[in-house]
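For reference, the chain that follows is the form predicted alone, supplied as structure tokens.
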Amino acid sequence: MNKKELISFQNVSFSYETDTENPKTVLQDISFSVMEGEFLCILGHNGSGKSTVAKLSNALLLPDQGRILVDGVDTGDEEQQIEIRKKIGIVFQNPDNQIVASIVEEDVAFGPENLCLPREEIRSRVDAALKAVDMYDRRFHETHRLSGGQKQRVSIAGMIAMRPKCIFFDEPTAMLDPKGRRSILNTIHRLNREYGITVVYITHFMDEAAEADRVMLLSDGRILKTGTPSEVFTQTDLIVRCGLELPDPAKLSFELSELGIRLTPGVLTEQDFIDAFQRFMKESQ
């Protein structure tokens, strides 16, 4: 079944007017689409324009040139911007900037309450959202006593309770330790896989990008490459030129190949490496 186009950037350019005489150009004539139900990862170094893409997608910002369509609606249509923001949510890297209530379930209820939903519907959405991120047992806990990873889960739950079609995750694991990163990433994949929420995941962690359906490489406001993780990460020179590194399993596989241990091409994740190395050992016997 063909997937529907949910977000469409059409020749979009954007500049921040920090200096009216010398505006800072962030995006330069970029065009791409996000398909309903997909997991798209946007990669790029700091300042490449990743976060600006997120803010443009739900009309927090408007393009200087070109246009952006969300479900076929132009983000520049002021009468439709509230509806667009209901469809496209953003979770930022610091959950403290998004948590507004002192109790977990009250924080998750904040968004639905502002939609003026019936009390029964709010209760149902809050419970479902907390269960989706494995925080239901902590629904009565004080938010300021939660760990960084737990706070991020609450932020995600608050967004889920709004029932958006798509959620942009803007470096949501940047402030977490490796265990917290893995836990949040697993949660986001489950939301995409089991709940059908379209995910646009912004990161500079290459191992996280390796698990996406599609990767878009952004550098200095331009799209340099779009494709599957394998298609993008085989462009080693391009990755390095953008100031990024290959995922650790791919890097290790490359280093082993220089020592004469040639594994199956396309190693991106830890499981890929384990499978390829076991295959190599079996064939070497």
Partner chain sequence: MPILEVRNISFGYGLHTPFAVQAIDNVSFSIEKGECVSVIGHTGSGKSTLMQMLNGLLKPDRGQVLLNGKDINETKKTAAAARFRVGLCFQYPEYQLFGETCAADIGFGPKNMGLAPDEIRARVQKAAAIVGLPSEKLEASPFDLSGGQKRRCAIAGVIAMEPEILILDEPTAGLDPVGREEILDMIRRCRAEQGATIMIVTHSMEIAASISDRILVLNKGKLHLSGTPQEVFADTQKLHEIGLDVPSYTRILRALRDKGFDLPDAYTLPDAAKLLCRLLKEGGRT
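Positions refer to the first chain, counted from 1. The term rigid core refers to the most C-alpha atoms you can superpose between the two forms while keeping them within 1.5 Å. Please read all numbers here as calculations on a predicted model, not as lab measurements.
This protein has a second form, the form predicted in complex with its partner chain, left out of what is shown; the following refers to that one.
- The candidate spot formed by Asn46, Leu244 and Ile261 is fully in contact with its partner chain in the predicted complex: every one of the three has a heavy atom within 4.5 Å.
- Checked against its partner chain in the predicted complex, the residues Leu238, Leu62, Leu252, Met35 give one hit for a heavy atom within 4.5 Å, which is Leu252.
- In short, of 71 to 79, 169 to 177, 211 to 219, 191 to 199 it is 169 to 177 that has heavy atoms within 4.5 Å of its partner chain in the predicted complex.
- Among heavy atoms of Leu224, none comes within 4.5 Å of its partner chain in the predicted complex.
- Its partner chain is not drawn, but in the predicted complex it has a heavy atom within 4.5 Å of Phe273.
- By the criterion of a heavy atom within 4.5 Å, Glu231 is excluded from the residues contacting its partner chain in the predicted complex.
- Its partner chain is not drawn, but in the predicted complex it has a heavy atom within 4.5 Å of Asp248.
- In this stretch, 187 to 223, the one residue having a heavy atom within 4.5 Å of its partner chain in the predicted complex is His204; the partner itself is omitted from this view.
- Relative to the superposed core, Thr269 shifts its CA atom by 2 Å or more between the shown form and the other one.
- Compared with the form shown here, the Cα atoms of Phe273 and Glu194 sit 3 Å or more farther apart in the predicted complex.
- Cα-Cα spacing of Ile274 to Pro178 is enlarged in the predicted complex versus the present form (difference of at least 3 Å).
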